[in-house]
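The chain below stands alone and is given as structure tokens, in the form predicted alone.
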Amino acid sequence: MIKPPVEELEKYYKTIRAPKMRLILSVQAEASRAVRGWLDSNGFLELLPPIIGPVTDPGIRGAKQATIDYYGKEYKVMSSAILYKQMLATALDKIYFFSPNIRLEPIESAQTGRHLVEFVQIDIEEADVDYKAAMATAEQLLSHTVNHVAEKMKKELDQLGRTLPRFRTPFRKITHAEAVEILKSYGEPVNPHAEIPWPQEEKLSKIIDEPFFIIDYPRGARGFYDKEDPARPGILKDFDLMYPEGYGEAASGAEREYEYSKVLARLRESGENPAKYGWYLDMLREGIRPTSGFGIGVERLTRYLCGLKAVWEARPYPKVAGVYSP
């Protein structure tokens, strides 16, 4: 666990002046250019992201949603724009945006070094593709970005003491069940029916010394919008892409459930009130195209590229759970 430097975070306006921060933010800017360049050249259209809405993604692993009064109605600040991505990909085929997200993470998340309350996610969605195609997009995009930054920003990375490995596709794929067994063999028993906890996820990304996917999570471990495999009841057609070297999750994605009756059943099963999802359910009832997509955290990407101790070093005004900062 990593203890957040509370006094430093409270006066981060001093840290931003340090030469190290200029190096980090220069790498981050180049990585963002590389991401946009690859997506634009592969037919994706960049759109403006939603910031607030009647609902947002409830599948945020113990974090709480931020709520505002929107002219007498309760609106949510986006914690993830998955529902909007389905709408946009149906209309525009291949889309992405750099989406600001707010997640009121539990206090203990401050010690993982991988969680921020405020962060930016590169949200990507494609129509008429399955989760295997989405994984191919994710690995190609990440490989291009890491390899581009390693070459283009070598001077800055050298000053940060960071040497990046060359990423080569395709990445290794292991199932959630296989990940559980690997962790057990290292003395880390985990629940085979749930998300892999953060410490064990970090350990797994140290054990496997290359980028890799965890696929096929059990139903109930993920949100109602992840599609269950009809050929394998109880298994979701989803994935997490993991960095090596113990940096944990790089991207998380899935093939989306898009049939009205199935989404409604999953909403009720998860304890969500369908009445809150009015516009979304109306859209599904009218019919949308099947889509798949994923999200990549910009600050986590920067942390990996620069070899940083913690994700708050990748943001000029970080918000860490429980710390009051600018």
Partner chain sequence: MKTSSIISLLLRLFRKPSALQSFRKFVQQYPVEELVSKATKGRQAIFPLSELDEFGKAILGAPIYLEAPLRYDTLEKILIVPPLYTPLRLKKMEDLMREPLFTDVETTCTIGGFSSSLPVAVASMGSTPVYNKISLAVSKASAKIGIPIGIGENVATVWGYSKRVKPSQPCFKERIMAYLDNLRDGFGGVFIQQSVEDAYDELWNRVYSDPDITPYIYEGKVAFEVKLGQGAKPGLGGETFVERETALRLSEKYSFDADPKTTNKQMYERHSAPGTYTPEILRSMIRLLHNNYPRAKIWIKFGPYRDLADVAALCDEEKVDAFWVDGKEGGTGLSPVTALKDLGLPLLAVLGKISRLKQRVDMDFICSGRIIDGGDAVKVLCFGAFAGIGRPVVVAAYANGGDGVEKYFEALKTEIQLLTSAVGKYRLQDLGLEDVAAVDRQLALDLGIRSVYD
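Quantities reported herein were computed from a predicted structural model and do not represent experimental measurements. Positions refer to the first chain, counted from 1.
Same protein, other form: the form predicted in complex with its partner chain, not shown, and the subject of what follows.
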May I ask you to choose, among E118, D93, E210, E108, the residue with a heavy atom within 4.5 Å of its partner chain in the model of the complex?
-> E108
Tell me, out of S270, N42, S32, S26, which residue has a non-hydrogen atom within 4.5 angstroms of its partner chain in the model of the complex.
-> S270
Option from 240 to 248, 85 to 93, 128 to 136, 69 to 77 whose residues, in the model of the complex, bring a heavy atom within 4.5 Å of its partner chain = 69 to 77
Hey, in the model of the complex, does K203 get a heavy atom within 4.5 angstroms of its partner chain?
-> no
Answer yes if any heavy atom of P165 is within 4.5 Å of a heavy atom of its partner chain in the model of the complex; otherwise answer no.
-> no
Partner proximity in the model of the complex: G37 to its partner chain, non-hydrogen atom cutoff 4.5 Å = no
Is A194 close enough to touch its partner chain in the model of the complex, meaning at least one heavy atom pair within 4.5 Å?
-> yes
For the stretch 222 to 242, which residues lie within 4.5 Å of its partner chain in the model of the complex by non-hydrogen atom distance?
-> R222
